[in-house]
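Take a look at this single chain in structure tokens; it is the form predicted alone.
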């Protein structure tokens, strides 16, 4: 019997969230306001989820869906756009069957029997440009290599067999100065294991160091932070219970009675050198940055005093109320014997998707960029926080509009920190279309220096990466820090 494709009548699939399900190519996008700044030359790659078919259980959550890669190519004042599906094993199997074959989010025990043993990876979260390769990422699988020009899927990538983990993080850190990639895997040996591995991968794509250690429970570790001397892993009480998922339950459950634990891992050390710190039950999805000041390791992140993913219930099966993400600094003192971390609010207003000037990732920095002013109706704006003065500058696209994660682009390779452009996709919610804006990162209030109209709706992207034209040619970033 033929299975008719019909999406359920769900708010997750209506209005702005209506599935797009198509690939697009458009040259010379219309610049409807201002002009593309001279010297803005390179590619901005974005990644997000798109529904290939309705979920077979009707349990759509916004972090699920097949990977869709978007590319904006800036050259000589022109902008070209292209989007393509990531052809993962999951995508290919469903395309052949012409229906959904994979069940509840990350729960292989709810999949159609025909795909038993197949990879569930969706490659729908982030992209990284490193060692001449564009990789699409999702933390439930290994990366997929993407052709940076055509966006065609080249294939699953395990660094020539060097990576033994079953998956890799969607939030690696590329050091734009040394061209090292710092990444990790959690539940690195399979569902509900406590294995974590931290990798340092050189500019040549070779693994330079790896550290395996155990986390306190089978946690979700969506993001981490690095400094030149340490890697910082927060383990929130969002856990996987193997028996629960075998019975068809949620992949994660929030445990409000458990603490938050943080591992500070010396980059040149071993598992025995890790320092552990503890605090109240919290969660977070995204880190802004981390720095080491004397004996203190400071981690800045969008912290939730509760469950940041309310579609995952507690271990008692209870729903949790939404809580706001607040930019917070967690401080771990390596000379202290208390084993507790301190908390300090940096910005009282809710914000998410925090980004730095990527040249300063892991180094002393002044500016953070983020989505802020989020309204219940989906409206939001772009913010720049000056951590020295505490001042927040913002730009919002107006009523019935919101923004996706901003991307900072240095004005020049040797420009001072924060001197450059912010790229952001704008959701025109009432018009059901998208714009791309270019903002002066040091003068947000002035509004866009250029507004580019897109011929399609870019429904959802999570994260992305900027690759300057020179880096696209050489495979290497050639950037400088300015004191």
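Only a predicted model underlies this, so the values are computations on that prediction, with no experimental measurement involved. Positions refer to the first chain, counted from 1.
Below: the form predicted in complex with a further copy of the same chain, not depicted.
J.: Quick check on residue 28: any heavy atom within 4.5 Å of a further copy of the same chain in the predicted bound form?
T.: Residue-level check for residue 28: yes, a contact with a further copy of the same chain.
J.: Indicate whether residue 482 is a 4.5 Å heavy atom neighbour of a further copy of the same chain in the predicted bound form.
T.: Answer no; every heavy atom of residue 482 is more than 4.5 Å from a further copy of the same chain in the predicted bound form.
J.: Heavy atoms within 4.5 Å of a further copy of the same chain in the predicted bound form: does residue 19 have any?
T.: Yes, residue 19 is a contact residue.
J.: Is there a non-hydrogen atom of residue 415 within 4.5 angstroms of a non-hydrogen atom of a further copy of the same chain in the predicted bound form?
T.: Result no; residue 415 lies far from a further copy of the same chain in the predicted bound form.
J.: Using a 4.5 Å heavy atom cut-off, are 258, 374 and 377 all in contact with a further copy of the same chain in the predicted bound form?
T.: No, because 258, 374 and 377 lack any heavy atom that approaches a further copy of the same chain to within 4.5 Å in the predicted bound form.
J.: Can you pick out, from 208, 316, 344, 78, the residue that has a heavy atom within 4.5 Å of a further copy of the same chain in the predicted bound form?
T.: If I apply the 4.5 Å criterion carefully, the residue I get is 78.
J.: Just to confirm the contact call: exactly one of 55-63, 419-427, 34-42, 435-443 touches a further copy of the same chain in the predicted bound form at a 4.5 Å heavy atom cutoff, so which is it?
T.: Single hit among the candidates: 34-42.
J.: For the stretch 450-469, I need every residue with any heavy atom inside 4.5 Å of a further copy of the same chain in the predicted bound form, listed N to C.
T.: Going through 450-469 in order - heavy atoms within 4.5 Å of a further copy of the same chain in the predicted bound form - the hits are 453, 455, 456.
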